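Only one chain is given next, in structure tokens, and it is the form predicted alone.
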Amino acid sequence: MISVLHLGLGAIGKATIEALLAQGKSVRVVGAVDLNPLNVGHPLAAILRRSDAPEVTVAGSIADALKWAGKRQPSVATVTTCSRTEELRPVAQELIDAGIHVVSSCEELAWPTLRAPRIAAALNRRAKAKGVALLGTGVNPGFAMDAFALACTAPCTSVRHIKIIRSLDASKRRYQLQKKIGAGMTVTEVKRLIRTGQIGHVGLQESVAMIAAGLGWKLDAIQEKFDPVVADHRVQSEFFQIEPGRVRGMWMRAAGIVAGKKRIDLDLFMAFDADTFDEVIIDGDPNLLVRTKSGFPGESATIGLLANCVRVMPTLQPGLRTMLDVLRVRGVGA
């Protein structure tokens, strides 16, 4: 049985623990850490409102959680606290030094050498020295627009071009996602935040880099473009009521340039009242089009990936790993 320490008790974090508890025959939760003083010192059962939760008291630090775990020391940690590798670094270092495998929803960690190569190299050396693995995963990046798309190339003897389209109705998603696509804001406000990198999805460039590496392509460049999507009629969600002329979402694209040609196209459309689906279009041998009618549901799919990767972590080679190490069968770029 794999003993797990979880860090972060936001909505995704609590749901991740719920998913781990559902895997009771193979996984047990032995500790929880959160920085919110309203949670620290309280039983996990009270926070989850589950009488069958394990007898775990929420700690305010990793050191306290490990001390309180006693003989039930964790071998894997799940972390749902941040999006940037730099922000994750001190937590990852402490967990690695304690000999604990780390699986995190940190978006940049899906392909950390892209934006933080020095930090990634240091974490890789540290993890190898301690004999543990470090993995970033989630629905996007980590699955829908990269690992899953690469798995779809498995029947192909060669791949010339790949396009992934992900569309979702943002009005049905959580508040944080609606906020990060500019819901209810003016076009001018959103364009300013796009220019300064303060809004929009984190991870498209990581997905391009993962796909290129998976197909054996060397990238010349990654091109990225974000545009606001404007409402032409009133739309609303539990959190926002958006009048015509205001922003109802965002259209985000990224392209991978290989040997002067565009070989990778990512198209992410997050907006109120948008269609919901995921689609992979492969120009290869053979040509393939794979489309999910429901799409991969963002929150629950990320939770499922985190919980399921817990069982994989002890089987991975020590060091910094990616979903290429988890889903290994794929085609070859032409």
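Given the structure is predicted, the values throughout are model-derived calculations rather than measurements. For every residue, the number given is its place in the sequence shown, counted from 1.
Omitted from view is the form predicted together with a further copy of the same chain, to which the following refers.
*Asks:* Look at the stretches 95-103, 82-90, 120-128, 149-157 and give the one with heavy atoms within 4.5 Å of a further copy of the same chain in the predicted bound form.
*Replies:* So the stretch in question is 149-157.
*Asks:* Counting non-hydrogen atoms within 4.5 angstroms of a further copy of the same chain in the predicted bound form, say which of Thr276, Thr57, Asn308, Asn39 makes the cut.
*Replies:* Checked against the cut-off, the match is Asn308.
*Asks:* Consider Pro286 of the chain shown here, and say whether it contacts a further copy of the same chain in the predicted bound form, taking contact as heavy atoms within 4.5 Å.
*Replies:* The answer is yes: Pro286 has a heavy atom within 4.5 Å of a further copy of the same chain.
*Asks:* Please tell me whether any heavy atom belonging to Met1 falls inside 4.5 Å of a heavy atom of a further copy of the same chain, as the geometry stands in the predicted bound form.
*Replies:* No.
*Asks:* Might Pro297 be said to contact a further copy of the same chain in the predicted bound form, defining contact as any heavy atom within 4.5 Å?
*Replies:* Yes, contact at 4.5 Å.
*Asks:* Indicate whether a further copy of the same chain has at least one heavy atom within 4.5 Å of a heavy atom of Phe226 in the predicted bound form.
*Replies:* Phe226 lies outside the contact set for a further copy of the same chain.
*Asks:* Enumerate the residues of 304-334 that have a non-hydrogen atom within 4.5 Å of a further copy of the same chain in the predicted bound form, in sequence order, or give none.
*Replies:* Heavy-atom contacts to a further copy of the same chain in the predicted bound form: Gly304, Leu305, Asn308, Cys309, Arg311, Val312, Thr315, Leu316, Gln317, Met323, Asp325, Val326, Leu327, Arg328, Val329, Arg330, Gly331, Val332.
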